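Only one chain is included here, represented as structure tokens and corresponding to the form predicted on its own.
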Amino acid sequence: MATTRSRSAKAASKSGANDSAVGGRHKAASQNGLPLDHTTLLDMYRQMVTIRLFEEAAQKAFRTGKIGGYLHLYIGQEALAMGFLHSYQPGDKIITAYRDHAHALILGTHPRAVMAELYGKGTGMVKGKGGSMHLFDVKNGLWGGYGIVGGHIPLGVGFAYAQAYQQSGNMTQLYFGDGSIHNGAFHEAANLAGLWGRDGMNPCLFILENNKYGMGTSVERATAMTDLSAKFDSYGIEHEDVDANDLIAVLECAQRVTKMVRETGKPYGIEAQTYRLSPHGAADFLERYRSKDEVQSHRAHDPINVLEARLLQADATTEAEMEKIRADAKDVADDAVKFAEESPDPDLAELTTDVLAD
């Protein structure tokens, strides 16, 4: 049974109450089988596997000195972006922090362009100028990729205000990590979002990607209030949690809340419960802040494995078909690496292009 749960739903659950509806809104009721057609779900599985193998190839390239700067991987969190970005509509804006490869790939940036950017090559999606932490593809709705923790949160709220002001009918999906919720930028932006949202002027979906660690600091060591989504209460922003290891739960939540945000113009907060299976960054070899046993225990909830089991149980695929998908995904990753390695460095003239707008 896939569920999304608000703070009040958690309290009801503890008292034995039914949490299928809270505050008059449907809360991802139980479903029999799969809510989408098998072809669509299998395509999402294919995308998630491709992201995983793409990032594993990128990690190998980083550790062999072929990728400079820094590299933050999304391994273990693929269902989160996959589920919410399924509700993307042309004209929406997507903005995220520096763990941004999956968002670019799901929105339609070619794997070659993403990998070439990681390599700092002129064929990269921003001509080799941004690297891993600063991916942009405005035509596909991706407005960054930001390297400063929490620095992009006010921008996302501003995007949403502009969308409402222009009566565009669009919304902003604002992704940020659990470490950034303690940043002043979050609280100032959330306050404005709640204020503007009273008048339907801030269609911003706050998506808190709680992967349990801000760099090497666990949530428990960073805040006395570990129910992070409760922090939205201070700013009059409704919120709920979702099990982001379960693609079905994320899809159900995303479909419902994005519709609500579009219709009301009010912000909404999601605490997406996930776990980073990879190190914080590709150079984070030792991971002294968590045990190998802890990581291994979370591998049982790997979102790709969870989706595999669901598809097999529903007779939506076979082991042979999934093996073919994995082989195809490896080919995509290998092709992206080959393209990046063979691509030219940026021309020196690019130092002064795209610096200021006309």
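In this text the structure is predicted, and so the values were computed from the model without any measurement. Throughout, we count residues from 1 along the sequence that is shown.
Below, we refer to the form predicted in complex with a small molecule, which is not included among the displayed structures.
This chain is displayed without the small molecule, yet in the model of the complex the stretch 210-218 from 195-203, 256-264, 231-239, 210-218 comes within 4.5 Å of it by heavy atoms. Interface membership of A162, defined by any non-hydrogen atom within 4.5 Å of the small molecule in the model of the complex, is ruled out.
Interface membership of A283, defined by any non-hydrogen atom within 4.5 Å of the small molecule in the model of the complex, is ruled out.
For F186, no non-hydrogen atom is located within 4.5 Å of the small molecule in the model of the complex, even though that partner is not displayed. Although the partner is absent here, I148 lies within 4.5 Å of the small molecule in the model of the complex, judged by heavy atoms.
Here is the short version: of Y175, Y119, Y98, Y88, the single residue with a heavy atom within 4.5 Å of the small molecule in the model of the complex is Y98. Here is the short version: of T109, S180, N191, N170, the single residue with a heavy atom within 4.5 Å of the small molecule in the model of the complex is S180.
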